[in-house]
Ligand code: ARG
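Next up: a single chain in structure tokens, the form predicted on its own.
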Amino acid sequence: MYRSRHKEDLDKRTLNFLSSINVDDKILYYDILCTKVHVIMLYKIHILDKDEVMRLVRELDTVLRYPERISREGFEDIHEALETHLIKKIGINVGGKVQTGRSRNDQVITDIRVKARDDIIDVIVHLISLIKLLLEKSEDHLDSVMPLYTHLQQAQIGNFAHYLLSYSEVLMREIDRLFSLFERLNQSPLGAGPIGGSLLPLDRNMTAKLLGFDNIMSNSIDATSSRDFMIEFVSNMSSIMITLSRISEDLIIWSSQEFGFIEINDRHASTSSAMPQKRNPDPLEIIRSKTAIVIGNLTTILTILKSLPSGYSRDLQDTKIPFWNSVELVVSSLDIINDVIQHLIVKKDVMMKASMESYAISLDIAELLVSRYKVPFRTAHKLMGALVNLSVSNNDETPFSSLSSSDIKDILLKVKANITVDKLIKTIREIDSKNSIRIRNSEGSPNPKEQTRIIRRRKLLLKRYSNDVQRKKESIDMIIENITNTINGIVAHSNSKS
């Protein structure tokens, strides 16, 4: 269709190699939307008359209802297919005007940006749903005492609520990043042309406003060829997936028989073809692999863009697949992890038993010695290390239970700690896994009172996020109504003149 100079058609193999028609259906809706707005603008600058506008809009609406009526065979992309369809249905004298003042270069990137706004809102809505669940589950598990780990070694005593809240914090930052990206993304490239604009009096501000953009992109080269928003977008998607993968890894480990802290609901557990006892957390494992795919998509986009000259190059076509694929994988992964956590069985008794047998109270004891008896922290550190070594060598079922006064006295002499045996024994017996988290005072600790305060604050923040994204969604939903009202206004204005 576009081969005005060429003497021959594209070789079929070349066409198939070039064509993006198989993936462009994702933006057909957006191409129709943007084409309607472009048609309105062409009417405003007297390129189209009222009758031509109505014929084009009617056929675009028909395609919207019956997208299968557009032939995909033999076209390089959906833009060419749609324009050809319009020309076939209403003739070249009308359909042949639709691309006036517009190139596929500014057309495709406008479609992608409009779709990307919807994708951001969709991801944010899914994130809000997951964070809401994490906050609710945190309230349920303030008393679910468990060891916390560094290097996969028991480090301190905490609770399951504290664990869940940690990831709600990460995911809230993801929402912040997406809101920030939305503002940079919401700039209109439409009207920038192939690279250098147009001599026609295109009203770019009007089309930007009708499409819900905050502003226009001020440089036509930048508008048509820059894809830095894709880098930022898929980087954000990668970051979200990394968080989901880390959660998945925790749940996989903790659902093993060696830990037994949690149990994955049967609805999320696969079985083995050979071993009847197996309950495999396959959906969580797939989230780990999907994370690698999204990270790979980011690498693909970066590599495509890294050495392109200024202006549009056809290489940019291949950024669409990894871009859209990343969004789809994030949304589906958020759905799965949400459902897994919703139906998770938390074994509080197993967590408590592991906590009671843990030496993760050692730091609490050391800090009490520091605060009460002014023991230097490094001395307290050495003292507790020596006590742990002796208790472990005695195979104590619970920490320090076998240590005698003479044992403790010997250790005090070795580490030269300026504290009496009685005071040390009293301090050791005072702290266990149940109360160690309740005596911590620092902000952000697993103390249930501190966590309750944080949950309350995070719920308020989440409500604000929900309101913000709802306003953005309502604003975008108004686009269709505004376009329809504008078209109706054209008809009414024309009828009043006649």
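The structure displayed is predicted, hence computed values, not measured ones. Residues carry their position along the shown sequence, with the first being 1.
Just so it is clear, the following notes concern the form predicted in complex with this ligand, a form of the same protein that is not shown.
Visitor: Using a 4.5 Å heavy atom cut-off, state whether residue 259 contacts this ligand in the predicted complex.
Guide: Although this ligand is absent here, residue 259 would stay clear of it in the predicted complex, with no heavy atoms inside 4.5 Å.
Visitor: Can any non-hydrogen atom of residue 373 be found within 4.5 angstroms of this ligand in the predicted complex?
Guide: Outside the cut-off, so no.
Visitor: Is there a heavy atom of residue 182 lying 4.5 Å or less from a heavy atom of this ligand in the predicted complex?
Guide: Residue 182: no, not in contact with this ligand in the predicted complex.
Visitor: With a cut-off of 4.5 Å between heavy atoms, is residue 204 one of the residues that contacts this ligand in the predicted complex?
Guide: Outside the cut-off, so no.
Visitor: Looking at 83, 77, 119, 364, which has any heavy atom no more than 4.5 Å from this ligand in the predicted complex?
Guide: If I apply the 4.5 Å criterion carefully, the residue I get is 77.
Visitor: Quick one: of 338, 317, 358, 280, which gets a non-hydrogen atom within 4.5 angstroms of this ligand in the predicted complex?
Guide: Checking each option against this ligand in the predicted complex, the one that comes within 4.5 Å is 317.
Visitor: Report the stretch among 100 to 108, 234 to 242, 293 to 301, 365 to 373 that approaches this ligand in the predicted complex to within 4.5 Å, counting heavy atoms only.
Guide: Residues of 100 to 108 come within 4.5 Å of the partner.
Visitor: Taking heavy atoms and a 4.5 Å limit, what residues of 220 to 250 are near this ligand in the predicted complex?
Guide: Nothing in this stretch is in contact.
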